[in-house]
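In the form predicted alone, a lone chain appears below as structure tokens.
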Amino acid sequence: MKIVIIGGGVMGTAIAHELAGPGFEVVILERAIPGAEASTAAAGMLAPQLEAQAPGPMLELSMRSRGLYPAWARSLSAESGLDVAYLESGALQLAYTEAQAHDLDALVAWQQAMGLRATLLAGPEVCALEPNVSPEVVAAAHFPDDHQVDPKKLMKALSAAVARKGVSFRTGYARRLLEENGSVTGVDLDGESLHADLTIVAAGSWSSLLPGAAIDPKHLKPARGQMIELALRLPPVKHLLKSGLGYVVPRSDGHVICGTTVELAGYDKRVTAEGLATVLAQAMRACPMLKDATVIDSWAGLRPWTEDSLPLLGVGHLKNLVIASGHHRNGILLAPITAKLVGQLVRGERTSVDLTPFRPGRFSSFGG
């Protein structure tokens, strides 16, 4: 079976890694450098508990994926010979006011009721755990099982691993899906008809621009997230820190990734003064010693936002079409579970997660 995957980011490459092997010829189509868009623009937080708003299908999917990560990271490192910098850092969600602390208490309570490890820490306990956290902090939710990975290193390892498994890369612009008698038969790649027995759309924010995919741009669109990288001689904190949309991700080498904004600004990847000011203010409030850090870099990534904050994952509206997109800010986290589920779909197996909430056609008239 020949499988064409549109999109060479972490999602498309992870799916290729899952499918590569006897009986499958896998080709990844990417218009630029694999992983050059949202995948390597991410911070690499593997933090479903830190990001969770409530119980539901997104939390279940995210928790399953987090559970796969240790073995997946080890496997990729062994196959590629490259370190992915998987770090068991733990995470803290900070509260600066009593009202925020009250909300965190409720958050911790329902997560504990689900059997998840979560603890509400008082201000002095937070300072004892992380002395460089802001003295403004009155409480924090502690999630010891939320971790991180370095997305740039992950993409290098993934790309090397799939190449060694025989996956091929084609550079070009996917103009449209090819269709015949209600089935997708491949892709028009810069005017060339590229045949495929199965086509997988994993093009992130660009998925809704692909003619024939039937993904409405009103329901899947790019959300700009601005980021900044700082550096200190030593890591200022050990844990991931989060408050509101702001987060601080400490690397083991003293570099710190700070984010983010969520801006529905179309395909505009500009880094703006206002965006960076917002990101820096959030980061320095959480960890004041970052005021003395060296600015290394800044960038913006376009994350595939969906109207209901759930990815599009499952079979498409035509035969021989699978959609794996709309993961928004959780693409790095959800890569291993998405790859596993797509692999199960392709092999005709029962999926290990109910895909009904994520069905790609839930916003569309075809309703698939």
Ligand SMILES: Cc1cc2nc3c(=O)[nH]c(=O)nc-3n(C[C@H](O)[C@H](O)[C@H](O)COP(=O)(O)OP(=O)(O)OC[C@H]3O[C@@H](n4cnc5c(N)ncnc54)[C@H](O)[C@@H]3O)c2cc1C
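Treat the numbers as computed from the prediction; the structure is a model and nothing was measured. So that there is no doubt, residue numbering starts at 1 and follows the sequence shown.
Keep in mind that the form predicted together with this ligand is not shown, yet the notes after this line are about it.
- In terms of contact with this ligand in the predicted complex, the residue from R31, K340, R64, H317 that brings a heavy atom within 4.5 Å is R31.
- Checking 219-227, 137-145, 177-185, 281-289 against this ligand in the predicted complex, the stretch whose residues place heavy atoms within 4.5 Å of it is 219-227.
- Contact annotation: W72 falls outside 4.5 Å of this ligand in the predicted complex, judged by heavy atom distances.
- The closest heavy atom approach of Q49 to this ligand in the predicted complex falls outside 4.5 Å.
- Taking the partner from the other structure, this ligand in the predicted complex has a heavy atom within 4.5 Å of a heavy atom of T260.
- Using a 4.5 angstroms threshold between heavy atoms, P311 stays clear of this ligand in the predicted complex.
- Contact annotation for 38-58: residues with any non-hydrogen atom within 4.5 angstroms of this ligand in the predicted complex are A38, S39, A41, A42, A43, G44, M45, listed in sequence order.
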